[in-house]
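First comes one chain, alone, set out as structure tokens in the form predicted on its own.
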Amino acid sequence: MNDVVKLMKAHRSIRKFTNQAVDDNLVRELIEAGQCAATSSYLQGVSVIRVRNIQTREKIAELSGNQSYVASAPTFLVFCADLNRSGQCCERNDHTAVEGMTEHFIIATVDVALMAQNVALAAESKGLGICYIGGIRNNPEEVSELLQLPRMVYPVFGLCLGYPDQDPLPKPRLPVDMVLMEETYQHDRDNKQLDDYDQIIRQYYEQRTGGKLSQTWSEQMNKLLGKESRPHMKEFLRKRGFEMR
């Protein structure tokens, strides 16, 4: 196992940071590394907003579900799917961008995820810790207003960056045999593998929380998928030009 793979397998979310600032040049270096990720059709459909203003940070922390580390992390970035910039390219060539295409929405959103993961890996290689903030989609309209996002741009997630002030255990992932399939989708699931994994996750949470939380992965997924999740997103995206057709 080489150093890159070791680094990837050691990933964990960091929510407590030291007061050490992240150098501006390092932030730029991380963004440049992120830009080297694959991009569908060369769209490069990502804009990243670094939020420094503490009042704005505190408001986003509140809108994200009172996640205090959004305000306290040395660096906070918001990754946005951006079709506005490419739309301007159409105008430069005397055309009008076709809005509302689901495929365009997908490739811009995938571009964001690929670039951000490059940034995260580069950051961890420099000794930084990271935490993704999907909670900004709790109130995407308000976040968009705070960041003055134009039409055809939407905030996908935030990213906290800083030097770790905690050392949590990596969260165990599903067994590879449950994820990697040969030739076709594996419909016949091995329930024992899932049972075993559930117990691993229960033990992980019990250890991490000192016994305050005892929960399996299956129970967590039931809570996630057994109810509506951010139903406002469809109308929010439609209003911003992402019609999904």
Ligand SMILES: Cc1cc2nc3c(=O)[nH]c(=O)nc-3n(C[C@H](O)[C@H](O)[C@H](O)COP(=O)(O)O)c2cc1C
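These figures come from a predicted structure and were not determined experimentally. Start at 1 with the first residue shown and count on from there.
Just so it is clear, the following notes concern the form predicted in complex with this ligand, a form of the same protein that is not shown.
*Counting only non-hydrogen atoms and a 4.5 angstroms cut-off, does Gln67 reach this ligand in the model of the complex?*
Gln67: yes, in contact with this ligand in the model of the complex.
*Would Cys131 sit within 4.5 Å of this ligand in the model of the complex, counting heavy atoms only?*
Yes, Cys131 sits close enough to this ligand in the model of the complex that at least one of its heavy atoms falls within 4.5 Å.
*Counting only non-hydrogen atoms and a 4.5 angstroms cut-off, does Thr18 reach this ligand in the model of the complex?*
Taking the distances in the model of the complex, the answer for Thr18 is no, it never comes within 4.5 Å of this ligand.
*Indicate whether this ligand has at least one heavy atom within 4.5 Å of a heavy atom of Arg151 in the model of the complex.*
Judged by the heavy-atom cut-off of 4.5 Å, Arg151 is well away from this ligand in the model of the complex.
*this ligand in the model of the complex: contacting segment from 132 to 140, 91 to 99, 104 to 112, 78 to 86, heavy atom within 4.5 Å*: Of the options, only 132 to 140 has residues within 4.5 Å of the partner.
*Who in 6 to 36 is close to this ligand in the model of the complex, meaning a heavy atom within 4.5 Å?*
Result: His11, Arg12, Ser13, Arg15.
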